[in-house]
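Next up: just one chain, as structure tokens, the form predicted alone.
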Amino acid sequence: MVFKRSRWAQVLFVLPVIIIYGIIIVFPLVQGFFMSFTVWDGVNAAQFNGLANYQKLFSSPDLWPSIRNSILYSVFLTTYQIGFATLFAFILVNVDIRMKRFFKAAYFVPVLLSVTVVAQLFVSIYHGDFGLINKFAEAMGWDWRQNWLAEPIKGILAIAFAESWKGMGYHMLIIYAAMRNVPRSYYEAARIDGASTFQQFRCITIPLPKTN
């Protein structure tokens, strides 16, 4: 009770986190903003050049393809990771299947792999000559080949898929833990009232973990 009434005690405990956040996040952002108005070679003192960097940026032909690729990557990554993580978590929580512990571990294994291992794995899958996808198409007798990493749009989607596959298990476990906190009596009441599985998912599973 004394701790709750003492604002200075609360500030004292929160202050280290605020200081670390300011040093790691806020200060570099502010410094980067001011440095954007200068020319600096990394050795000599920075020279102020006004808006010249921004003029060069907005006149570059690579700007809009970069923005397009960033948006495409972000949308695909978010949709895949959160969408499939929510779906798999819902299945593990609400569907009576065997070996649930095995599936939870299997979904989380890619998170434990290093970036180098995942990169080499998907290079062997996407490679235009000996990649697993093209070799599978060849084995099936299909006259179909793709050089995934050499094409602008497909290359971004291929990289986003690899990153999504690696990180999906992390989000799945977080959403799974949140769904487990929803009281089962809510689902039982919804089923008694005739709610379908989709209605239970939309009206119970999605909103309630946010408030628990």
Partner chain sequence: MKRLIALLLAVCLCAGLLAGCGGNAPAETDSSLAAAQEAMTLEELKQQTAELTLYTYYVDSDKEIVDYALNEMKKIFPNVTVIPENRTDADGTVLKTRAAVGELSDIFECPSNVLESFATSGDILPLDEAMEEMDFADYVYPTVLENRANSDDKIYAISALSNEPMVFYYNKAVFAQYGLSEPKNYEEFKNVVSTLAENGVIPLALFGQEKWPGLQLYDLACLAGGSQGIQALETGEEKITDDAFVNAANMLAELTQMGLVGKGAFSTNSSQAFEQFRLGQAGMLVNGVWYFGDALEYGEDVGYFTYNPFAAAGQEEEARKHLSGGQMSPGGYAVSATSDNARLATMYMLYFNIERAKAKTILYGAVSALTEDVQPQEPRYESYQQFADSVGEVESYSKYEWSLENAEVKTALEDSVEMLLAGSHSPEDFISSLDQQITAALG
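Positions refer to the first chain, counted from 1. Here the structure is a predicted model, which means the values were calculated and not measured.
What follows is about the form predicted together with the partner chain, which we do not show.
Q: Does Ala160 make contact with the partner chain in the model of the complex, using a 4.5 Å heavy atom cut-off?
A: Ala160 lies outside the contact set for the partner chain.
Q: Counting only non-hydrogen atoms and a 4.5 angstroms cut-off, does Leu29 reach the partner chain in the model of the complex?
A: Result no; Leu29 lies far from the partner chain in the model of the complex.
Q: Taking 4.5 angstroms as the cut-off for heavy atoms, does Lys104 touch the partner chain in the model of the complex?
A: Looking in the model of the complex, residue contacts with the partner chain do not include Lys104, since no heavy atom lies within 4.5 Å.
Q: When the contact criterion is heavy atoms within 4.5 Å, does Lys56 count as touching the partner chain in the model of the complex?
A: Yes, Lys56 lies within 4.5 Å of the partner chain in the model of the complex.
Q: Indicate whether the candidate residues Ile19, Gln146 and Ala150 are all in contact with the partner chain in the model of the complex, with contact defined as any heavy atom within 4.5 Å.
A: Yes, the whole trio is in contact, each within 4.5 Å by some heavy atom.
Q: The partner chain isn't shown here, but in the model of the complex which of Leu12, Ile25, Cys203, Ala189 has a heavy atom within 4.5 Å of it?
A: Exactly one residue meets the criterion: Leu12.
Q: Heavy atoms, 4.5 Å, the partner chain in the model of the complex: which of 122-130, 109-117, 75-83, 91-99 makes the cut? Say which one.
A: Going by heavy atoms within 4.5 Å, the stretch is 122-130.
Q: Using a 4.5 Å cut-off on heavy atoms, what residues in 39-62 are near the partner chain in the model of the complex?
A: Going through 39-62 in order - heavy atoms within 4.5 Å of the partner chain in the model of the complex - the hits are Asp41, Gly42, Val43, Asn44, Lys56, Ser59, Pro61, Asp62.
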